[in-house]
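Starting off, we have a lone chain in the form predicted alone, written out as structure tokens.
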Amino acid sequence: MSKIVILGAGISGHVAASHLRRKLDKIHEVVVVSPNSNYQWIPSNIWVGVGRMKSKDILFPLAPLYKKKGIGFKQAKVTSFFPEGDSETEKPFVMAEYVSEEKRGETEKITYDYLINATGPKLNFEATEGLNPGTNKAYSVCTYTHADHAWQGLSALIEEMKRGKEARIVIGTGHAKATCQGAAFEYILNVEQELRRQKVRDKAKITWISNEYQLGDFGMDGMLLSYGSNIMKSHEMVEMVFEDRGIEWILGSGVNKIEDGIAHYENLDGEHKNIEFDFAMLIPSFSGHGFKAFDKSNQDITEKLFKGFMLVDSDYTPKPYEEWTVQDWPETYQNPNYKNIFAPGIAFAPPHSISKPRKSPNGTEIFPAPPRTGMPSGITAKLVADNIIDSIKQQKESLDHKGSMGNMGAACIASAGFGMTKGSGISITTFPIVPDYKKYPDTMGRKLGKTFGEIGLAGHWLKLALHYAFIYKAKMRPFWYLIPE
């Protein structure tokens, strides 16, 4: 009998647990450890943040589902890793502290045969002074509670605008090394449409602020794509959208401090500036959780497991941007020092960014961290689960399932506004996620026929349909596994 422990119940953790339980005999134990009691479909947070969905529409409780499906669940947070066990416990384990009401504060050694670290990122708000969701007129949509608060703040401002207030709205990234520009991009377009729907668009000046060197970088170094019968760069497409919506933009800027209604930032020219706002939604930087690891004699071996995020089969050799290749990126998400530990999704430490690194004359790094959310999180979690399943069934290590972001495609539908007749979505596919400049030197590192964009009402319908499809899949309803990651 094998015991597989999954840390985290987001997209990666839940996908891994679902496939492991479906494909393994019941004699094998599948256990999920997460401080969160609910599963949430994070891509729909932006609709909660403009009042077009309620939190209850994007989440459900985990414990009843896991009990029904035969998956163990411990509502707890992991504090440390012991991949060799310790003097009292032979098997490897993680130390966890319960956060559920009935066991709050209790600790437990959770042993395992295989460990999947799917803890995702720490939302590192404290890296930017004053960036605390719901304070200083600044908000977040990173969680459903954050999105609820954002809508409360935005709706209150809309009421003031209806009484004649002129408002300034700032949306984008809240740190020089933030990622997840896509979520902020969706949110700014949804806010703009909501203001039009509420008939107060003329009262608002909306500004995009980002650490991107160009619009449409999205932490992926931009892309060349097919758009209808045309070929255009992603920055041209986003410029077109922003100009059509009357949205201004500030680029190459790292926000470093938030005061009440003021964002301070440094740009790539080394200038220190600020922008005032009545409402802001700024995505924080992501970081690892600060986990510690110890060997059997209780010596600190954190560097064997973590480099901020978890070490996997990447090539972490420092090298200049011009020497980066897709071969730097992991294929199996297996830790090189402990072969029974894996880290799919955002939990793995990337070898480097995807976007070109840039510094201001002051030495401040201002460029996006690499995105690993959404579709890549699900795909990498499934391949990790499949390798563990094969290893258990064959009774030997099997790593036949591989998937590097350098040979993996992704599809994204960015909501540009909610509404069955007036909604809009920007559908983008890209292949590969990490550009391969050697294989596709003339098309910005990507295959043009598989990298394209479309804008229109159909995109909104599709994104809404996918919302319900992925909630259905997450609830493990009949034939859920037929819906791809």
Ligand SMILES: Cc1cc2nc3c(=O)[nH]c(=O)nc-3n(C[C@H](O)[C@H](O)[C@H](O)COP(=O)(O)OP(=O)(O)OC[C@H]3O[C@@H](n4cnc5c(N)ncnc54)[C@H](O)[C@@H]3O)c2cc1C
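From 1 onward, residues are counted along the sequence shown. Nothing here was measured: the structure is a model prediction, and the numbers come from that model.
This protein has a second form, the form predicted together with this ligand, left out of what is shown; the following refers to that one.
In short, of 159 to 167, 71 to 79, 194 to 202, 234 to 242 it is 71 to 79 that has heavy atoms within 4.5 Å of this ligand in the predicted bound form. Among the residues 53, 42, 455, 433, the one placing a heavy atom within 4.5 Å of this ligand in the predicted bound form is 42. Distance criterion of 4.5 Å from any heavy atom to this ligand in the predicted bound form singles out 346 from the list 115, 346, 312, 258. In the predicted bound form, residue 183 approaches this ligand with a heavy atom inside 4.5 Å. This ligand in the predicted bound form is approached by residue 142, whose closest heavy atom lies within 4.5 angstroms of it. This ligand in the predicted bound form is approached by residue 375, whose closest heavy atom lies within 4.5 angstroms of it. Contact annotation: residue 35 falls within 4.5 Å of this ligand in the predicted bound form, judged by heavy atom distances. The putative spot formed by 150, 254 and 368 is not touched by this ligand in the predicted bound form; no residue has a non-hydrogen atom within 4.5 angstroms of it. For the stretch 1 to 16, the set of residues having any non-hydrogen atom within 4.5 angstroms of this ligand in the predicted bound form comprises 7, 8, 9, 10, 11, 12, 13, in sequence order.
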